[in-house]
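Next up is one chain by itself, shown in structure tokens, the form predicted on its own.
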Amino acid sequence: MSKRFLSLFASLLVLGFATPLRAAEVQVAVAANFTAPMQKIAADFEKATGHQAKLAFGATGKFYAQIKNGAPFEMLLAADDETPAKLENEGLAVSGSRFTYSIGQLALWSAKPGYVDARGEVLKQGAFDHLAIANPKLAPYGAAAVESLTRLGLLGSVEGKFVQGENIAQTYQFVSTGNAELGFVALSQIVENGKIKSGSAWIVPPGLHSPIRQDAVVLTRGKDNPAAAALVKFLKSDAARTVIKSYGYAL
């Protein structure tokens, strides 16, 4: 065995991401708002460890119901911190495995350039027919939107214009296709390398709603899965954190 190979292997061990002798898979339920960063993280994770993260994206509330009904997920990356805590308390998640992987930011967005102003005054003007919002009973970003509108004193005037998406991904589609002139989405859906990719947006001040603290947890099915343990470690790494920040999340 060459000195060069030994040096490279030792370096990988120091980093903690040496490719395992037997790669494994982990089934991961991921909040819809975290789709783009998690796809990137999963690809990097496989390159670094050899393990594969099989991803399913959707509403946190629906994932909770599916997990309660026996869905074969081994890890959950939720859009809130309440659902992972609830699963842990109910014995459906590994005690002590819960951690915050990101803090989400809410944005009011339109696919039309110049439509949404930098202070969100477009909401007060009310010159729109449809306002997209994720189901506040299932999606934390939808709940944050309702809370923000309530604090602004605008809920009553715009509630009749709601177009409700099942999750934040569907809400984004309503706006991107023009079925709604504007809508509340996750900043991560419209940001790339720190800049709004298209259209116009107002980043909702965090003080208008409760923090969108997004927690991950290992589910009981993933307790002894080395890929689940490796993914937890990778999500806490500088490599993953750099990706997460690039999509507009706080940490």
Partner chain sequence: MLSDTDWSAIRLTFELASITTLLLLVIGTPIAWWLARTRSAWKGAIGAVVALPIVLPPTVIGFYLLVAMGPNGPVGQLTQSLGLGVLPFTFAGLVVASVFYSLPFVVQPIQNAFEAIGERPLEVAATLRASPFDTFYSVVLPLARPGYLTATVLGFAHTVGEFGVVLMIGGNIPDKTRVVSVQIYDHVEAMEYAQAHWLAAGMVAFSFLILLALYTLNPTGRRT
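It should be emphasised that the depicted structure is a prediction, and the values quoted were computed from it without experimental measurement. Residue numbers count along the first chain shown, from 1.
Separately, the form predicted together with the partner chain exists; it is not shown, and the next lines address it.
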| query | finding |
| --- | --- |
| Which of 189-197, 61-69, 210-218, 39-47 sits within 4.5 Å of the partner chain in the predicted complex, heavy atom basis | 61-69 |
| Partner contact for G96 in the predicted complex: the partner chain, 4.5 angstroms, heavy atom | no |
| Distance check, V146 to the partner chain in the predicted complex, heavy atom within 4.5 Å | no |
| is_contact(A180, the partner chain) in the predicted complex, heavy atom dist at most 4.5 Å | yes |
| E88: touches the partner chain in the predicted complex, heavy atom cutoff 4.5 angstroms | no |
| The partner chain: the contacting residue among K137, K124, R119, R151 in the predicted complex [heavy atom, 4.5 Å] | K137 |
| V158, V163, A169, L92 - the one with a heavy atom within 4.5 Å of the partner chain in the predicted complex | V163 |
